[in-house]
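Just the one chain here, the form predicted alone, laid out as structure tokens.
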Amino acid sequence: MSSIIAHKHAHFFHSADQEASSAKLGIWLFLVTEVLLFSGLFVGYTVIKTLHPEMWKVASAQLDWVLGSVNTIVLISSSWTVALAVRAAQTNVKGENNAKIGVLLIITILCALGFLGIKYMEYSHKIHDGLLWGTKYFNHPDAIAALKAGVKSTFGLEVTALSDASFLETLKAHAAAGTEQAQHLIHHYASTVTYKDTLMTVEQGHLFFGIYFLLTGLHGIHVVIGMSLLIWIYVGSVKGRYYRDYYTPVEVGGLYWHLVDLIWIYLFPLLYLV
């Protein structure tokens, strides 16, 4: 038969209620600092996207929105299961919900592992294609210089930035009256700006993937921390430590996990859909 282990509050608290209130206040203050951390990064995101909108459009198209969507569903589901685990602990009177708490926490942990697995697939693909944060992976001076020189010699036009969509339209206007060589040059320029396999020559593309790896990498670290916390809470649930009068660790862990979920809900549309 399931049982519970009665909790005794720490000696430096006057009561169990004070202990619980202090823990909740502490986690909320911590969550505020986490919001401040990511807010600064979102400001950086906004600045880069504003300065290089065309590059951002081309580079963001290289992300797999399907995998991002699956990860979103996985994290939302995990938030639901951890909320159910908190409720199970709150209604656990004599240990009858011990197993239920453990199962719900295990499902949440498996969702976290699934999220990290999908993110590993994404990272592996980006690393294989060289879509990283270093400028050497994107700016090929010789290739870009040759393309710009060809445009100038053929059309007498200066290329200010390969990612300038309006300039691309100007070149396309010359296609009908141009020679076959000129049309080939325009096609090469258009491919360099928009085609997936030649994204490597998009100027400033490293800025997008720099912010991508920074935001998703930091979020991934939070997922690992949250998963570790949930494993520790699960061990306590197996021992019957959480019940109606003491469920603070489950609630605090759930709040942290909701933050992890909330951050991703912002990251997914900002990186994959915008």
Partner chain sequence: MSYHDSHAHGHEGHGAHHGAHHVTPTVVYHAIFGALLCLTVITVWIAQFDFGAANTAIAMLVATVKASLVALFFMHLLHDDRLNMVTFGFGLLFVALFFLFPLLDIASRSYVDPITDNDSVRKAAQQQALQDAHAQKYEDKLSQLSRLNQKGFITATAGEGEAPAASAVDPAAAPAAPAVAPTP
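Positions refer to the first chain, counted from 1. Quick caveat, the model's predicted, so the values are computed rather than measured.
Below, we turn to the form predicted together with the partner chain, even though it does not appear here.
Against the partner chain in the predicted bound form, the set L31, W65 and E251 is in full contact: each member has a heavy atom within 4.5 Å. Shown alone here, H206 lies farther than 4.5 Å from the partner chain in the predicted bound form, counting heavy atoms only.
Interface membership of F13, defined by any non-hydrogen atom within 4.5 Å of the partner chain in the predicted bound form, is ruled out. Heavy atoms of W80 reach within 4.5 Å of the partner chain in the predicted bound form, making it an interface residue. Contact check for S69: a heavy atom falls within 4.5 Å of the partner chain in the predicted bound form. Exactly one listed residue, out of M121, A149, V93, I127, brings a non-hydrogen atom to within 4.5 Å of the partner chain in the predicted bound form: V93. Scanning V35, V224, V238, A61 against the partner chain in the predicted bound form with a 4.5 Å heavy atom cut-off leaves one residue, V35. Residues D261, L262, I265, Y266, F268, P269, L270, L273, V274 are the ones in 260-274 with at least one heavy atom within 4.5 Å of the partner chain in the predicted bound form, listed in sequence order.
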